[in-house]
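A single chain comes next, written as structure tokens; it is the form predicted on its own.
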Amino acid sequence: MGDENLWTAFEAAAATGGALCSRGGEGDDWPAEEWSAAGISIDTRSLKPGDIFVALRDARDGHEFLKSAFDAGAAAALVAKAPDTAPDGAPLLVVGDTLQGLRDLALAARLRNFGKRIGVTGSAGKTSTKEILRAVLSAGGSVHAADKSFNNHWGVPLTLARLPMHADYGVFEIGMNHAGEITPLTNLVRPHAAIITTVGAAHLEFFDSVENIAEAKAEIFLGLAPGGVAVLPFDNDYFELLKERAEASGAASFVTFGENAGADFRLLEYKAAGAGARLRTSIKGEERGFDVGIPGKHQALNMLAALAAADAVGADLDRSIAALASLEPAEGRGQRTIIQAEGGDAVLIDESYNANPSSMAASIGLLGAAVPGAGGRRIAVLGEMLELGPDAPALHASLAATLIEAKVDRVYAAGELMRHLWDVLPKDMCGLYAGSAVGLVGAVEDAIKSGDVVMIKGSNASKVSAVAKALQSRAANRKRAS
């Protein structure tokens, strides 16, 4: 999680202005002042021995879990009170508000670190780009980034508070679903480079237009450190708006990525190759070809964005490019698994981690680029996309054209909003519609045959990942049997 001594008692107290204390305890020792912590946790289920437990008040009050935290080996707890449930002798750091205390730790962690920080936002591809950055920056130094998509009002300060003092690089995913949410987070991170991966129809339930989404994403530039670089999607409809906002925010320069002529980091040609791909690119005017470990043109563009940001903060470009060959997709973001099917093997592409129109189109394109085995088909299993507001029915229906263009053979769809797609699909593409993703599991399992390629995609709340898990269990069973 971090350095062996990420925080000492006195460092944490100085950062937060909190009071070191403990309940009860015996002897001459004063445990409230003698602890040091290796990490920070807000969840007792994932807490590691030596972590500071931060008792946030969210869906549940973290103060209710103090005993569980210390039973799990917490070094101390950041609390807003010292309740009776706190074990005797357990070190506590008492602050007025624990979320603010976490932010204070984050600020102190940033100020004592002299590495470079990169912020990432966008309507799709944030987590993938964060992981690509982790890989390319690791080729030339130590990198700190969250293991999960910790991109909200507590996830960003938690990630920053875990930043080791001597890390060479920090990568921070910054998300939002309302205007004004990115500003305090980017001001906390103060990135030296800020990426907007793309702007598209996501969270339209909370915005009047995609242009307003672009304005909200552009808030990331408000926190740029002096001399900071804006990394912009050159092909996006809102590029000029993003560029203007970056310049108005004081960005020292900007660099672009995309497919269109004029992009600084330009994708000239994409070819699927085995489990990955071969890219031909133009990088700052020099044509370069190289292999990458994960497929998908959308991922290739994420890689170019990551290379642009890495180059902007001084990372060695040759080392960064070489690191792309060993990339592996994260869970739910393009993992490929060979699964057992009727008559032989099929391929599962698990894209089930969340969805909006931009990422859904990219995943369908990934399926379209896949080559089925002999007699095999392209099969899409789709859960509904949420938080799209009044345009949601039309946005779901519009996926039909994308599916047809990708030459998808069969579609299985779940959720009320997916009904709008189902009603306009060509009949020969229709596999099964169900009210919930769980209702698709058996039908999809029964339908898959040797040579098929199955892609699964949907918003997290659609629970379409249940289909992916069911199919992945076939792979596990097959491996155990072999």
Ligand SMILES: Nc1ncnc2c1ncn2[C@@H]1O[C@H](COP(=O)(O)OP(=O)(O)OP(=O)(O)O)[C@@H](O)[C@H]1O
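This is a predicted model, so every value here is computed, not measured. Note that residue numbering begins at 1 and tracks the sequence as displayed.
Missing here is the form predicted in complex with this ligand; even so, the following discussion is about that form.
- In the predicted complex, this ligand lies within 4.5 Å of some heavy atom of Ala362.
- The closest non-hydrogen atom of Thr198 lies within 4.5 Å of this ligand in the predicted complex.
- At a distance threshold of 4.5 angstroms between non-hydrogen atoms, Thr127 is in contact with this ligand in the predicted complex.
- At the 4.5 Å threshold, heavy atoms of Tyr353 reach this ligand in the predicted complex.
- Judged by heavy atoms within 4.5 Å of this ligand in the predicted complex, the contact stretch among the candidates 406 to 414, 158 to 166, 180 to 188, 145 to 153 is 145 to 153.
- Among the residues Arg266, Arg134, His298, Arg378, the one placing a heavy atom within 4.5 Å of this ligand in the predicted complex is His298.
- This chain lacks the partner; the member of Thr281, Thr402, Gln340, Ser358 within 4.5 angstroms of this ligand in the predicted complex by a non-hydrogen atom is Ser358.
- Counting a residue when any of its non-hydrogen atoms is within 4.5 Å of this ligand in the predicted complex, there are no hits in 229 to 266.
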